[in-house]
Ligand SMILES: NC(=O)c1ccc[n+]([C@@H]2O[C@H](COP(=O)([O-])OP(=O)(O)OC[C@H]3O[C@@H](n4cnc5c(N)ncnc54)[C@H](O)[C@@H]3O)[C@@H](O)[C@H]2O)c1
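Read the single chain below, which is given as structure tokens and is the form predicted alone.
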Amino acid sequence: MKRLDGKVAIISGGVQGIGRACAQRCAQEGAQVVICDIQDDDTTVQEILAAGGEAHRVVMDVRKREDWQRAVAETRERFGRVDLLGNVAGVVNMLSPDNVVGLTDEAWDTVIGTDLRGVWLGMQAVIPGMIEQGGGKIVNISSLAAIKGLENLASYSAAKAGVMGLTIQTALEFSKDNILVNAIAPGTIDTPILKDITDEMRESNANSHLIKRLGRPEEIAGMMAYFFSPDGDFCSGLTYPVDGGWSVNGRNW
């Protein structure tokens, strides 16, 4: 028997990067997976189906409440319930200065809307059903940027720190309903979001970790699967760094 047999998981941002790895890992562990993403790309679903898993895709914008409601309704119609939510979808401001003085309204609203509002709306959409069915588990993706100051990441750091606080608050409020809520704070993970950085920046990021390399999406997915599984039944309100030791290394960049 696999650890997530009989569970239904929604994974936002599941088309690429960390979200894709989390969707694949949940399917490998036995869950029926619904991938929610703004990108209209069926690759991850097809890979899961080809491997013998069960998956469905919903094209949506995590910043929109109506999209979340539609995604949850489609999941329940197809699989009957929602047991697990992985809030992975996120963006980084790459188009303008991301410091307090230089940030534009548009850049701030995009990052906060996706990385923080999207997490809130996802939890808001699934929690009532989890209460009705007697419980559930939620894992939100925060970041080391919420724990350590990083240059030119003001909106991203603010959003990810908000995810940490929202995770704690939600865990406190809904523990009585058997809903466990945790977050993961990744270090620098080798995903498509890094495709435009220079080799020098890539090396600098790798050297910020005690383990002198970038993380892999599969390593974040492994921690999500732990929290979702019975092994994580005594964990709630936690933000756990999966960061190659960056949080204790003393270097910011």
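For every residue, the number given is its place in the sequence shown, counted from 1. Just so it is clear, the structure is predicted and the values come from calculations on it, not from any experiment.
Keep in mind that the form predicted in complex with the ligand is not shown, yet the notes after this line are about it.
Only one of the listed residues (T167, S155, S142, T75) places a non-hydrogen atom within 4.5 angstroms of the ligand in the predicted bound form, and that residue is S142. Checked against the ligand in the predicted bound form, the candidates V126, A71, A89, I138 yield a single residue with a heavy atom inside 4.5 Å, and that residue is A89. Of the heavy atoms in M60, some are within 4.5 Å of the ligand in the predicted bound form. Looking at G17, you'd find a heavy atom of it within 4.5 angstroms of the ligand in the predicted bound form. Although the partner is absent here, Q32 lies well away from the ligand in the predicted bound form, with no heavy atom inside 4.5 Å.
At the 4.5 Å threshold, heavy atoms of I193 reach the ligand in the predicted bound form.
Contact with the ligand, judged by heavy atoms within 4.5 Å in the predicted bound form, is confined among 49 to 57, 224 to 232, 181 to 189, 24 to 32 to 181 to 189.
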